[in-house]
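Just the one chain here, the form predicted alone, laid out as structure tokens.
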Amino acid sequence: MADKTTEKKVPVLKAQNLGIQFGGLKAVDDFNIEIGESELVGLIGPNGAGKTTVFNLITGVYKPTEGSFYLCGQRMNGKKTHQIVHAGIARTFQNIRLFKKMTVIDNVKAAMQEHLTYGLPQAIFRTPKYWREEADITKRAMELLDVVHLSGKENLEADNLPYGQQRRLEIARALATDMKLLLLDEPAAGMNPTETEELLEIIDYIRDTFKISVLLIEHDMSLVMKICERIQVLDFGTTIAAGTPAEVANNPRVIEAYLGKPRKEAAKDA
């Protein structure tokens, strides 16, 4: 009998030879990744490298034309976005997508609707079951707002929050789905250094407290290098490097992808 302590755990996310083709263009080709429980992995690359396309594949926005992906061993190919969210994958977006005219707390509660068991008649007549479940999700929403440092803001319209706080509200709403894997698409975009540092602390806290795995797209390299355990680099839809932050930062192919030429070659041509 195999020693259970040496058995390899099923990864939270596993993508095998994942790809998509639009007409004659391969936007993502042969993408492979494994992310374990509570791991925080960065996905970086120049503009147009295919990073957001990978997120769209993993969340069911696009259907892969090649390969497969799995959540905790369960094949996700062919599932619709809401089914993938229900299974345990949630995301934030480059462009903030909140219910701008709803309150902060109602934005979070909206993500919990699948957990409610009361029906329309119980909602109309405000039965004890309705009030009990509403109290439960309100309490949970307040706890999540505290996690992202938005306590006291719950009754504001989401549109009235400063930009950085709207970003954090998106994360709280994603957490409300009880996900296993959180996809963060440029969460620090538009933030000042203080807001970015606070966001870094929140992401670390979420991962450690909720045991959630995180896949992060980010252009702020200082944040990526500080927070990610591993980094995978895309260029023109293909992986050109993967490893620790130090390994990736010193990889000639990565330097060339970002700067156009390796430093030594650029110096020769000068």
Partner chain sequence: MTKQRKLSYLLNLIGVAVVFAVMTLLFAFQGFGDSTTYVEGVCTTACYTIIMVASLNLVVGFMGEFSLGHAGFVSVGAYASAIVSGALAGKGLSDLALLIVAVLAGGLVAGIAGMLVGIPALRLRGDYLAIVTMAFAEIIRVVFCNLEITGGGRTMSGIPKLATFHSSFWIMAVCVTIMFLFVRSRFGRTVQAIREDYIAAEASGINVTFYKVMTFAISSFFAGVGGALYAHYMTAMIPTNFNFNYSAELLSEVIIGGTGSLTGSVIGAAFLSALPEFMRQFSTYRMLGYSVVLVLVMLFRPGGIFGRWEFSLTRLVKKIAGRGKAKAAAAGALPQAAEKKGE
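Worth saying up front: this structure is predicted, and the values here are computed from it rather than measured. Positions refer to the first chain, counted from 1.
We do not show the form predicted in complex with its partner chain, though everything after this point is about it.
With the partner omitted from this view, the residue of K139, R75, K100, K129 that lies near its partner chain in the model of the complex is K100 [heavy atom within 4.5 Å]. Every member of the trio H86, D106 and Q113 reaches its partner chain in the model of the complex with some non-hydrogen atom inside 4.5 Å. In summary, the region of this chain contacting its partner chain in the model of the complex, judged by heavy atoms within 4.5 Å and restricted to 160-168, 184-192, 143-151, 75-83, corresponds to 75-83.
By the criterion of a heavy atom within 4.5 Å, N155 is counted among the residues contacting its partner chain in the model of the complex.
At a distance threshold of 4.5 angstroms between non-hydrogen atoms, T177 is in contact with its partner chain in the model of the complex. Proximity of E134 to its partner chain in the model of the complex falls within the 4.5 Å heavy atom cutoff.
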